[in-house]
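The chain below stands alone and is given in structure tokens; this is the form predicted on its own.
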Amino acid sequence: MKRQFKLLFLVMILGASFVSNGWAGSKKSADKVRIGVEGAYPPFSEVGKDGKMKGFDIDISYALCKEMGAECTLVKQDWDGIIPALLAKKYDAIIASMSITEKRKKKVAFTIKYYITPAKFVRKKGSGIEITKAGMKGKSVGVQSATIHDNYITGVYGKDVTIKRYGKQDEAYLDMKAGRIDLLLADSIALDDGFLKKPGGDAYEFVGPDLTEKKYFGEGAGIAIRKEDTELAGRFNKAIKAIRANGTYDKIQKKYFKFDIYGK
């Protein structure tokens, strides 16, 4: 009987230890946050000439970790595998300009938004292409694969245009300059900073309206976390509000933008 009691006590201790090693109960794990980033979406994230990650998403990641009192580790991940890698626990959160959409909510949970900007099309100057079904008929449109922009062009113009999908946004830029596609569709800031303002970008221009339809473009960019990690989501939400209130967010965004991208 005494032996059975000792065995039961040992099982209880081991069980408690197992629980404490998960996210919710461990001070050690709560002080370390692994964040999945893309590194191929300037000005939000990119790899600098020194090999280090930089950009708005990167600075926001470090600011949020500092606010939470957590040690931040960035994990570079290609976009098409960024959610699967989160679910496989390669990292704990995604900060990669990921829009909060109903489709993604079926797989992961999101924090409140940390910015929102519209999508837009880019055409070559003088091409005369208009953003209508008739004006785009037979044209080719470059988008990054598995994005909200991919969903939009497929859902709205899929029967009228040829869609060319790319693993990285930079690949679409290269094909546009090479004349292999007629239009680009992406986030307006990413297009402006990553394409129009780069060498040769002055030969191209925005065309059409700001695109913000919630069905396709969601509620803004949020931080994706696994659905069970509710405590982590709460900590991120609190930190987002804190850096907005204490001026840290404004200081970061002024490095990259001339206006408040947080939105209303």
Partner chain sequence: MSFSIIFDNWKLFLEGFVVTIQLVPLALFFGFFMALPLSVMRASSNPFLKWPTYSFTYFFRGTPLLVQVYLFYYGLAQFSIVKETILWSFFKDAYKVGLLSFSLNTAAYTTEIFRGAIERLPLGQIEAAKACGMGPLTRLRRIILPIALRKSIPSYGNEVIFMLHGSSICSLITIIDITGAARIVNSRYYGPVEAFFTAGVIYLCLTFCIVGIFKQLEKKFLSHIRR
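Just so you know, these numbers come straight off a predicted model, no measurement behind them. Positions refer to the first chain, counted from 1.
Although not depicted, the form predicted in complex with the partner chain is the subject of the following passage.
- Not one of G200, D250 and K255 places a heavy atom within 4.5 Å of the partner chain in the predicted complex.
- Although the partner is absent here, A134 is not a contact residue: none of its heavy atoms lies within 4.5 angstroms of the partner chain in the predicted complex.
- Using a 4.5 angstroms threshold between heavy atoms, D193 stays clear of the partner chain in the predicted complex.
- Although the partner is absent from this view, L174 contacts the partner chain in the predicted complex, with a non-hydrogen atom inside 4.5 angstroms.
- Using a 4.5 angstroms threshold between heavy atoms, D80 counts as touching the partner chain in the predicted complex.
- Comment: 160-168 is the region of 160-168, 184-192, 114-122, 69-77 lying near the partner chain in the predicted complex, near meaning a non-hydrogen atom within 4.5 Å.
- The partner is not shown here, and in the predicted complex the stretch 47-74 never reaches within 4.5 angstroms of the partner chain through any heavy atom.
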